[in-house]
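Single chain ahead, written as structure tokens, the form predicted alone.
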């Protein structure tokens, strides 16, 4: 079959990456002859893989572990927000130039606004975790005008580094809290984000170390985990009256932003979400 354009994901390991499911569903729905490839790329081969992407005239790629930072030297340009995050998860082609972007935090922010109906401006936020997802989410929340971010992480070194980075480069007041005991959510907090992998399939019964009685109505509790979409943590939060936001929306919306960057067309987000729900089921 002749294809007009190729996109894909580079990672290691990458076999279980679900992005191809939603992107190919979107291409098929719109009737465009594009294909999304899932490509295993070892760390030592990343530079060669980027050269291959150029040679094959691929329209773009996603990057996943362990390439989100390592890819930066091989690109022609990196968007300002991706520089602030310090990682690239999406590359788009602009003529002969490869531009690095980060759509993870943007996907979360769109899901927060559109799915939960929450404007984060002026909010007090708790974010659990200090990895790549947390970094992208914190930067986008700070850019959206949150009043404060309480960053909680087991590793003090990584958490303090991220808090310092946010205080130096954004207007959000960020504090670091060592997360070695059950976390009590302050009454003023209105947005709680689990940006860790706790509760990810197959460990579906696990919950972040949180004092669940400190969760109440008036809060929106978010989980970045897409599989299962309704995590044990979200179920516990909902039982206490909180509004909940699953990680499937973030995954779909970040993919939809990349889809638009590559194709110039609006992504059929409902089709993409439905494809993922079927795959995860």
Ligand code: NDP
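Predicted, not measured: the structure shown is a model, and the values here were computed from it. Positions refer to the first chain, counted from 1.
The same protein also has a form predicted in complex with the named molecule, omitted here; what follows describes it.
For a residue to qualify, one of its non-hydrogen atoms must sit within 4.5 Å of the named molecule in the predicted complex; all three of 130, 200 and 254 qualify. Exactly one of the stretches 163 to 171, 76 to 84, 131 to 139, 182 to 190 approaches the named molecule in the predicted complex with heavy atoms within 4.5 Å, and it is 131 to 139. In the predicted complex, at least one heavy atom of residue 224 sits within 4.5 Å of the named molecule. In the predicted complex, the named molecule lies farther than 4.5 Å from every heavy atom of residue 60.
Heavy atoms of residue 124 never reach within 4.5 Å of the named molecule in the predicted complex, leaving it off the interface. Contact check for residue 211: no non-hydrogen atom falls within 4.5 Å of the named molecule in the predicted complex. Note on the partner interface in the predicted complex: the residue among 92, 110, 158, 177 having a heavy atom within 4.5 angstroms of the named molecule is 158. Residues 247, 250, 251 are the ones in 238 to 253 with at least one heavy atom within 4.5 Å of the named molecule in the predicted complex, listed in sequence order.
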